[in-house]
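The chain below stands alone and is given in structure tokens; this is the form predicted alone.
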Amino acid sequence: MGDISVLNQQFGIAGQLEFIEAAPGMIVAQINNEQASASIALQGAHLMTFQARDQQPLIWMSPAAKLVPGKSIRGGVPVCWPWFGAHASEAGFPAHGFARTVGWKVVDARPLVGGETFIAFELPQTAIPQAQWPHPCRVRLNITVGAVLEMALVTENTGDAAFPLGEALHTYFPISDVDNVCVSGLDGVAYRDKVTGMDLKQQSGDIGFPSEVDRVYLDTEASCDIVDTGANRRIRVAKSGSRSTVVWNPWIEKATKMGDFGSDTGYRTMLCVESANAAENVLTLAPGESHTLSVTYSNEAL
């Protein structure tokens, strides 16, 4: 991940970007510009916070989230790579892959002419466990912090054989209360319902949250809106290079078992809408091929 003084010397931007040690062994890039603020842990290239000026926070972090080397962070935007959920054949491999719990390196950072701040991370070859992922590749995450938040996960196959690729930007959003929100944009889309054993179902109308929701919506590149009447806003998730959308709220029983949601009611103030390539939409990346999953996050008043 690098030494803080070296990082600040190489990539720091006066008045915009500074690297700090937020917890022992956990280096964080802090961005503050005229349009927005954000914080990104170098472990996992994990965006933890984002807030545009004069707007409500756009990203949810659990108040009980722990910044511990080697442990995933509850909230923000975990990078699920190179598989989503459980590994297809190896039960002992970590859920959602290994990318979110290893150190990434900063490879670029600069102010943009429009006032945004750009920062790019790369997954070091030395951080990739060969026993879990023997495929030569290059992985990069580009983040632009401005009036909107832009993220692009780029995977390049640098080897001579094709490999399967599952991935997601597992984004947590803050909401006023689960009773006040719905997700629109997925009407008529088929989905795998993880709550009922991956049954194939079809969405009818908007998605509400009267109980646990854990669904992988298939074959959709549509934008989604989180409509939050309690917060008087609409959060838009606009994506490309993503054929799956995952919608998740663990509800009380699972959230309590996880232990890092903050309280028995922590689940009521968060919602995940994840841009992914998962289940039937897992990709095959040919030798020399590159794939980009990109998402733009924004919000507006209702």
Ligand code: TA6
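Throughout, we count residues from 1 along the sequence that is shown. Not measured: the values here are computed from a predicted model.
Keep in mind that the form predicted in complex with this ligand is missing from the display, and what follows is about it.
Enquirer: Go through 209, 163, 118, 172 and name the one with a heavy atom inside 4.5 Å of this ligand in the predicted complex.
Expert: Flagged contact: 172.
Enquirer: Work out which of 252, 258, 68, 64 lies within 4.5 Å of this ligand in the predicted complex, going by heavy atoms.
Expert: None of the other options qualify; the answer is 258.
Enquirer: Would you check, heavy atoms only and a 4.5 Å threshold, whether residue 191 touches this ligand in the predicted complex?
Expert: Contact check for residue 191: no, nothing within 4.5 Å of this ligand in the predicted complex.
Enquirer: So, residue 95 and this ligand: in the predicted complex, are they within 4.5 Å at any heavy atom pair?
Expert: Contact check for residue 95: yes, within 4.5 Å of this ligand in the predicted complex.
Enquirer: Classify residue 214 as contacting or not contacting this ligand in the predicted complex by the rule of any non-hydrogen atom within 4.5 angstroms, answering yes or no.
Expert: Answer yes; at least one heavy atom of residue 214 falls within 4.5 Å of this ligand in the predicted complex.
Enquirer: Verify the contact flag for residue 74: yes if a non-hydrogen atom of it lies within 4.5 Å of a non-hydrogen atom of this ligand in the predicted complex, no if not.
Expert: Residue 74 belongs to the contact set for this ligand.
Enquirer: Only one of 243-251, 229-237, 50-58, 28-36 has heavy atoms within 4.5 Å of this ligand in the predicted complex; I'd like to know which.
Expert: Selected range: 243-251.
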